[in-house]
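The chain below stands alone and is given as structure tokens, in the form predicted on its own.
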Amino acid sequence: MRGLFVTGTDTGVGKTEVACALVRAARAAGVDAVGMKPAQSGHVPGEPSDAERLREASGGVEPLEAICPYTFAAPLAPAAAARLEGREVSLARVVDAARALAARHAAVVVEGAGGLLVPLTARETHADLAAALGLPVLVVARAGLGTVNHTALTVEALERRGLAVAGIVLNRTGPEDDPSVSLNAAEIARLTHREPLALLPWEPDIARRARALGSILAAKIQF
């Protein structure tokens, strides 16, 4: 399977916008890429869900249920949200759905939920899903205070499992910076021996931000 698995150091770090930017950039470059969100939870009515955003970035070439096999109401980890509804997520079903997308498209960008060790099923985490898919993992992290520890732990967890690290992206999720932002990339590189691929800029205009992220990521990440 050709593609990437996009994980975060936490929830709300910008995984979806990075995954969407990667899909759009690949398609603009002539690569038939499609996004996938194996399981989403806590969708707010009236706002586009992560899966809907990925489907739009993919040009609407797949039905929503192919992009996202599982959707849950509660804003919890997929395994916990599923239990509340008397349901259970199947890793095998998710893997089969990803392989089906890979059979129809040149590349698949799979976006996890929350961080790497967030439970996907009653037994498996998103790290287990990344391993089952055999995809290199792109780590999306906050640019600001707290990111050094979270990023180093995520990279260490990936390396201990023998998962390929495609790179680290530091993402500005708001207009406010703190004094650590100018220092964090160097600290992360020192601890992980991996220079972050990019420090993504803040841009209040959503359309302009999407274009900027796509341009930056296209130059840094190939799959």
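This structure is a prediction, so every number in the text was calculated from the model and none was measured. Note that residue numbering follows the sequence shown and begins at 1.
Another form, the form predicted in complex with a small molecule, is not on view; read the next lines as being about it.
When the small molecule is considered in the predicted bound form, residue 21 lies well away from it, no heavy atom lying within 4.5 Å.
In the predicted bound form, residue 214 stays away from the small molecule, with no heavy atom inside 4.5 Å. Proximity of residue 58 to the small molecule in the predicted bound form: non-hydrogen atoms within 4.5 Å are absent; the residue sits far from the partner. Contact check for residue 154: no non-hydrogen atom falls within 4.5 Å of the small molecule in the predicted bound form. Remark: of stretches 165-173, 188-196, 62-70, 25-33, the one touching the small molecule in the predicted bound form is 165-173 (heavy atom within 4.5 Å).
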